[in-house]
Ligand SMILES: NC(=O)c1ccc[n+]([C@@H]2O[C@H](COP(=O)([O-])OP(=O)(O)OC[C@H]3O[C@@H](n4cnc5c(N)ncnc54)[C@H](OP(=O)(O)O)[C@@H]3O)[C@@H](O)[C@H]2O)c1
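One chain follows as structure tokens, the form predicted on its own.
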Amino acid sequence: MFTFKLNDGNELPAIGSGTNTFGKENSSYMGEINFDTTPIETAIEVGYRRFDTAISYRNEAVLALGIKNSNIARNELFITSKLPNTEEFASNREAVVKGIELSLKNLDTDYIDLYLIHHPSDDNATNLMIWEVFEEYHHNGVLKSIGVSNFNQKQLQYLMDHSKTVPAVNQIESNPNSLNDELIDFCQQHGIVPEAWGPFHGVTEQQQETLATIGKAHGKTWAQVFLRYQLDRGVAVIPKSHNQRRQASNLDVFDFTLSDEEKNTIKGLA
């Protein structure tokens, strides 16, 4: 698996699996937790070693069970989770500690590979307070890497100006409708790896057709073409599927190269 080197020296597998509907009734984000670990186990079978979850998804324990069932060693996996910026988990230092400890318990692990602030507060002081607790856990080796999600340039700059640790990752929206080039450029200029959540979110039929036309020349699907485009420009991706065939397909993107012309066509989709 190709990796991105983070600014703390750790390696981030370039492709991971999203999980926000895993282990839930009707595979629905708001569905009741049913502890169905099938999509986690099939993802591991086809080669995924990175999984992205969050306290807000309510399924950290589902991921832990799926990993246990797979018999994969913990050190072979890269797990990301996220702390919600809510009153319960972000009102003060004790609340942040409570959230981190809850994730560790739910995930049945003594460390987390990457831990993110799920959403920024409008108050930069609150973001900094959370970040300082993250830094303590990072310094102690419990949170191997720390980062943020959905932060804009000003929010990132404030953290960098007022703390000792540059975020390793900023998980953001980036899909054919919103490539988010300016924010991605800013992240990369400051040594922050951008990561695209929901990389196929909102893609239209017309966009699929354009990507499929490119894919035909390489024997690839439209989704594989877009994932390759993101990886080529230094963006990590976390596609999600409950289907084992599509899970495998989303990993099968390292045996072809996009031309500059094809990349420009994709850039023009938004």
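Just so you know, these numbers come straight off a predicted model, no measurement behind them. Sequential numbering from 1, following the sequence displayed.
Heads up, the form predicted in complex with the named molecule isn't pictured, but that's what we're talking about next.
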TODO: Could you tell me which one of Tyr158, Phe186, Phe200, Tyr111 places a heavy atom within 4.5 Å of the named molecule in the predicted bound form?
DONE: Phe200
- [ ] Quick one: from Asn26, Asn243, Thr38, Thr204, grab the residue that has a heavy atom within 4.5 Å of the named molecule in the predicted bound form.
- [x] Asn243
Open item on the list: Within 4.5 Å, heavy atoms only: does Gln171 come near the named molecule in the predicted bound form?
Closed with: yes
Open item on the list: I'd like to know whether Pro239 contacts the named molecule in the predicted bound form, with contact meaning heavy atoms within 4.5 angstroms.
Closed with: yes
TODO: Considering only heavy atoms, tell me if Asn10 and the named molecule come within 4.5 Å of each other in the predicted bound form.
DONE: no
- [ ] With heavy atoms only and a cut-off of 4.5 Å, decide whether His190 touches the named molecule in the predicted bound form.
- [x] no
Task: Segment that reaches the named molecule in the predicted bound form - one of 148-156, 88-96, 69-77, 103-111, heavy atoms within 4.5 Å - done: 148-156
TODO: Quick one: name the residues from 18-55 with any non-hydrogen atom within 4.5 angstroms of the named molecule in the predicted bound form.
DONE: Gly18, Thr19, Asn20, Asp52
